[in-house]
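Subsequent text provides structure tokens for two forms of one protein chain, presented individually as structure 1 and structure 2.
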Structure 1
């Protein structure tokens, strides 16, 4: 890691640890939601940006995770941490199945197929009112019995660091290389000995289980789980976050999620307009800055800072 990166990580770590004591309860809540979206956006960018599989069914896996945890707690009285684990596993399993079924699809076909998957799931949840509570939602027990959101904050922070850190390790490993090779040219990857089937499904499984993880956190944190979380509007929000950040950069997706969520909340007096704004931001980024706004900006900044830092270091030695 280069010096500017290390400096950034250090500053961010400090900031993250101190954040709850710097802001009021409302902004703490916003930050918690933002970090949860960051897990969704980063895992989507792993699947779409790195592995090249444009899934519009990502929020379906968030629902799978959330509803698995919620239903197990509701009907079987399973303790929530166990239910959350089950939710992640269920999302991974469904991810493997969907990844396997769309093995022979690519581009828009995969996008349509996965979109259909999440819509069928959402419609089922809305319709099976007796089981899921339908559009009105189902209540989910709290995870912590605290007066503040502090425990949730540190939990989601830990989940975010672990899941994004884990994905960054994957991306830097040979798995990440294979993901990109398959994205670039599936036929050539197979000729190069990459087990295409295995790695396509693996990418789906990793991304889906992390989306499921975000869902299992969302349910108890909000206390009520509605099928809206799996809607195409939420999908659009997550895609916008990942793209604004820079679709092929995981930290970019995290930064994109946090800045878009804060922007949306900061502009909440503008009501519906802020949602138009993020749609426009998405269109603008795609149209004029296809590599995203945040990740390239950071690279630019870093390349500006690096020579200066080196010069400063030289000064110091003298």
Structure 2
């Protein structure tokens, strides 16, 4: 990693560590939810922006992860850490099945199929009242028994860093190169020797497992699971976060998720007008900033930090 990147990462790490001590309990809760959405937005960015598979069933994987962890804890008394691991694995398995099922689908057909999967899953959760609690929800034991949200904050921060760091390694590897080749032209990638089927399923598995991870965190943090977690409204919000941040930039998707969540909460006093303002921001981004609003800002910040970092490095050598 270059010196400017190390400097920026160090500053962001210090700000993240100090954040809980700079805000009140409400904004700490908002940041926890924002970081949870950041994992979803970044994993969707990996699937859509890098692998070119536009899925609208991402919240279905979140539901699979959350409900798997919750049901195992509720009915079998399984410790929550093991239930969370099982939820991630279950979401990855479902992602593999969906990826295999959608092998011959692309574009709007893939989007409609995954949207239908998410909606069928939500209706199933609502219908199976004896198992899931239906629309009323199902209680989930908490992971930490503390008076503050500090343990949850540092847990979701660690999960965000590990998951995004892992995705960035994937993007920088041969796998990432194959994902982009499939995104640009599946036939050409196959002719070049890329195993398109394998890597399409792999992209779904990685993205779905990370979405499931966000769901397994949501369940014990909130303490109750409802079918609304898998609603299309939430899916639209995740997509909007990735678009505002930058679909082809994982740090941009993270920044987009955090910025959009804080913007929505800051504008709550405007009632439904905040949704109009948010929609206008989304339209502006799609019309004038196809690469997102925040990803180019990150690149600009890196370019500005480069001369300063180089000067500091020369001083250190002297």
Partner chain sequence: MLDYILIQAANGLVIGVMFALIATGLTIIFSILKIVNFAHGEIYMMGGYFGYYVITLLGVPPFPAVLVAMAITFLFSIGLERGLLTPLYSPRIERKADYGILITFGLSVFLRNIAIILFGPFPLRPPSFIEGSLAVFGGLMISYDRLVAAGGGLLLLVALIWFLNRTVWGQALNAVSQSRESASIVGINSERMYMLAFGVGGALAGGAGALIAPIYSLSPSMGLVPDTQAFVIVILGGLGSVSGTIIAALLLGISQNLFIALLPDPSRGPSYANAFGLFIMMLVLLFRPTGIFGRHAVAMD
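Positions refer to the first chain, counted from 1. Predicted, not measured: the structure shown is a model, and the values here were computed from it. Definition used throughout: the rigid core is the maximal C-alpha set that superposes within 1.5 Å between two forms.
Peer 1: Of the two forms I pasted, which one is the form predicted together with the partner chain: 1 or 2?
Peer 2: That would be structure 1, which is the form predicted together with the partner chain.
Peer 1: Does the distance between the two CA positions of residue 26 reach 2 Å or more between structures 1 and 2, the core being superposed?
Peer 2: Not so; residue 26 is displaced by less than 2 Å.
Peer 1: For a quick test of reading the superposition: does residue 266 move by 2 Å or more at the CA between structures 1 and 2, rigid core aligned?
Peer 2: For residue 266, whose C-alpha is compared between structures 1 and 2 after core superposition, the shift is less than 2 Å.
Peer 1: Answer yes if the Cα of residue 278 shifts by 2 angstroms or more between structures 1 and 2 on a rigid-core superposition, and no otherwise.
Peer 2: After core superposition, the C-alpha of residue 278 moves 2 Å or more between structures 1 and 2.
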